[in-house]
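Presented below, as structure tokens, is a lone chain in the form predicted on its own.
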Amino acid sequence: MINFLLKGLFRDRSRSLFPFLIVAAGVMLTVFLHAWLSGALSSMIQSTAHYRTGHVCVMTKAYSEKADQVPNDLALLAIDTLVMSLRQRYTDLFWTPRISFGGLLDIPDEKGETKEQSPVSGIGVNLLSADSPEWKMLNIRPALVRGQLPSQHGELLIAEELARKLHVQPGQKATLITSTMYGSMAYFNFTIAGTVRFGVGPMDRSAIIADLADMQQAMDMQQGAGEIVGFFKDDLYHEERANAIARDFNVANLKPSDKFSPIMGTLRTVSGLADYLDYVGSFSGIILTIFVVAMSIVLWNAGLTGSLRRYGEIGLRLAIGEETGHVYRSMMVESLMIGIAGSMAGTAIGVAIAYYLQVHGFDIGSMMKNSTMMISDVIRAQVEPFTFVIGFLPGILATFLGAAISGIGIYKRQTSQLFKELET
């Protein structure tokens, strides 16, 4: 029977081509949008982890309550002991301290007077150690545009866009004006080693990167850091594992009565992306539902049109004694065949388009000029195992529902009218 139905579908394209194209188009869009959303979400998570929070983040309890304000007066102290403890206890992560800070970058003229000034947001990281994970996490070497990488204390990197705004060149002097851990004014002279472009809007507009030891000296934070961030060694955010590590650490170290006791949070909780991640997760389900409903309606109409065209065929099959249920079931099998074929074709096309955008990406920098979101200017799709199967649910379900609804009319045929219809 299946072989007979397949021959009928191949030989009578008028009853299979249109539903096949509809299914293929719908599945293609479903697969592509899923890969695109996965890529955008992955890019946001990766950028947020690399430039802000890590996959997990340790700070003082008081600091965590005001983390958006970067309150370095509430920073961690004696970090060497804490970092060593974290590296020994949680060996599947890299651990590194950071100092986030803000201030003014002052560019002097030949006489030492202020020529240009601009507000900056900076990160103090371990730049002078060859095995520092920051070289990879901040993508520093590929991001270098002009000059060279810092090789000694007193050198910093500045965003290329900021450097052009300040009309500054690598090798020039710059003075950072900020505040110490204790609230007093701080001035620290740097040499601009090079300029960088990260491809992340907020970083490219105002970021500077200095060595952690220099910032500890400048801000009077000896053996101190605002945060100790941890990264999984495969550079992927494993939420369940991160939550387990955070719970284990907090049980052992958090003292509710001590506002300076260390507390660990995950990327989800520290970054403020929890609601967004939930929204994106549910959005994929919404997309699938919309396509299933929309394609079911289209295929229902196609089924009704096909039934009208096949009115005589169905009547003849009923007139020669074929059971109504058998006719209905054969139409359902036809719909499943079309659904499977359309889903396979749509998946292949959708994956091909997604893979192209995974390799080449799509530059949205012009739309992100004033954005404060930590997301790369180049969005790439992400093809993953689920991408190859997600389209089969709407593709097969929609054709099945469409045929089921339109085929109900078979049961309404009156046998007494069949021969009259066949005479016309």
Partner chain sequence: MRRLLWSIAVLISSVCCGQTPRLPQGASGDEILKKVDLNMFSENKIILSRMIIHGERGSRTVEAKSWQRGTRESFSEFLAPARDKGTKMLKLQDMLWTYSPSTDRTILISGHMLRQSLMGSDLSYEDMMEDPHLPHLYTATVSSEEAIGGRLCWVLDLAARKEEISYFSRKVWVDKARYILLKENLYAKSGKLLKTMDIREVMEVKSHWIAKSILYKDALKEGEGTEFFVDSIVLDTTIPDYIFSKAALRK
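Fair warning: this is a prediction, and the values are worked out from it, not measured in the lab. Positions refer to the first chain, counted from 1.
What follows is about the form predicted together with the partner chain, which we do not show.
Chemist: Which residue among E134, E155, D106, E334 has a heavy atom within 4.5 angstroms of the partner chain in the predicted bound form?
Modeler: Going through each option in turn, the one that passes is D106.
Chemist: Which listed residue (A186, I228, A143, A341) meets the criterion of a heavy atom within 4.5 Å of the partner chain in the predicted bound form?
Modeler: The option sitting close enough to the partner is A186.
Chemist: Determine which one of 188-196, 247-255, 343-351, 135-143 lies within 4.5 Å of the partner chain in the predicted bound form, judging by heavy atom distances; exactly one does.
Modeler: Single hit among the candidates: 188-196.
Chemist: Is there a heavy atom of L93 no more than 4.5 Å from a heavy atom of the partner chain in the predicted bound form?
Modeler: No - in the predicted bound form, heavy atoms of L93 and the partner chain never come within 4.5 Å of each other.
Chemist: K259 versus the partner chain, in the predicted bound form: is there a non-hydrogen atom within 4.5 Å?
Modeler: Judged by the heavy-atom cut-off of 4.5 Å, K259 is in contact with the partner chain in the predicted bound form.
Chemist: Flag D235 as yes or no: does it have a non-hydrogen atom within 4.5 angstroms of any non-hydrogen atom of the partner chain in the predicted bound form?
Modeler: Contact with the partner chain, no.
Chemist: Any of the heavy atoms of Q148 lying within 4.5 Å of the partner chain in the predicted bound form?
Modeler: No, Q148 is distant from the partner.
Chemist: Let me know which residues along 198-217 have a heavy atom within 4.5 Å of the partner chain in the predicted bound form, or say none if there are none.
Modeler: Only a single residue, Q217, comes within 4.5 Å of the partner.
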